[in-house]
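Given next are two forms of a protein chain, the same chain in both, each as structure tokens and marked structure 1 or structure 2.
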Structure 1
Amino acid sequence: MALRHAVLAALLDEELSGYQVTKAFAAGVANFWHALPQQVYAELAKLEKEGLVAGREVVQEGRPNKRVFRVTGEGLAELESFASAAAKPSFLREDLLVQVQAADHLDAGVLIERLTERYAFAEAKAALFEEQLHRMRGGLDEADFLLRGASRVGPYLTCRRGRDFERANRDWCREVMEVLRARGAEGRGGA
């Protein structure tokens, strides 16, 4: 996937300014695609030059004017072409996994500290996703929303994937910490 497809997907529902697109990334898209604000702005300029988005200036009183963008028919065709191609599997590249890989040769206490930090981060992020999912559903339970919800289901499903990913990270950190603690206790008690 290229950044262009993530930006096009973020613009599907409404016209957004570059600032609003970066906020949309932070709120939802960031669980599957990370981009810095300057990357988003540069991509919007490229997409506009290629005719995949159309921009227009909005005059604002007391503030600088802003540009808002919307997906064009060509942009939607680009997304359809992207969606029809086989998805490439993603690969996990993470420092913490390298650290755990080397656990037998590292200070377990320091590694448990890193795992505790990641656990807390994953727990907090999963909770944020859960709040976002709750807002997206309105008053509906998940099953009703998925079948009959008035809003688009795609953003909900990707947000749910983000929540489940963070829950899996949290659970894995907990399990690894338990193993390291048990091995440490066994090593001290078994000597």
Structure 2
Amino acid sequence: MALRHAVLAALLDEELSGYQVTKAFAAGVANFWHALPQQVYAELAKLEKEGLVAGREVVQEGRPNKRVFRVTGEGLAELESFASAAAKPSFLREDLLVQVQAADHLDAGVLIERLTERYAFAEAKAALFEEQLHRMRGGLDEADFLLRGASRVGPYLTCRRGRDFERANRDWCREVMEVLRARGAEGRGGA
């Protein structure tokens, strides 16, 4: 029951179509959630049936019509009740962690490949988030924006968490690679 709230939260600031929500959640841009189109459409259908969002047909020229959704009063109430219940903390759950856990029994070269890929991915994603943050805060410096900025700070803060998360991933990958390389050199007759 978390995707539904993520969808509601995404619709708070603007009316979006299912397709647009999907885009916002798509790999690379999602700062606070991730889901595939099928899940988003299914959830929107359920939310509409329950009256938490209201859909509206938008006729377009040159491309297919779409249905955009906005959050209703009931939807906002649902979000508030979600926020008043304790949030369950999530765990790190990443393939790469499992692979590094087994590092002492696996080939270091293969692992370093994985770490290199993840490093590049993290770097790229962090840069993307950084850009987004820059756009959001406009001309203002961060402290000013957060204290007195006119626009919504929620999305900014979650985006920051996303950026810092990927930076941490990147730094961890670098360090693990250093350790694996150093131990490899040591084992083959280094210092």
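These figures come from a predicted structure and were not determined experimentally. Take the two forms, find the largest set of C-alpha atoms that superpose within 1.5 Å, and that set is the rigid core. One-based numbering along structure 1's sequence throughout.
Between the two renderings of this chain, the form predicted on its own is found in structure 1; structure 2 comes from elsewhere. With the core superposed, residue 139 shows a C-alpha displacement below 2 Å between the two structures.
Relative to the superposed core, residue 49 undergoes a Cα shift smaller than 2 Å between the two structures. Here residue 63 exhibits a Cα shift of 3.4 Å between the two structures, evaluated on the superposed rigid core.
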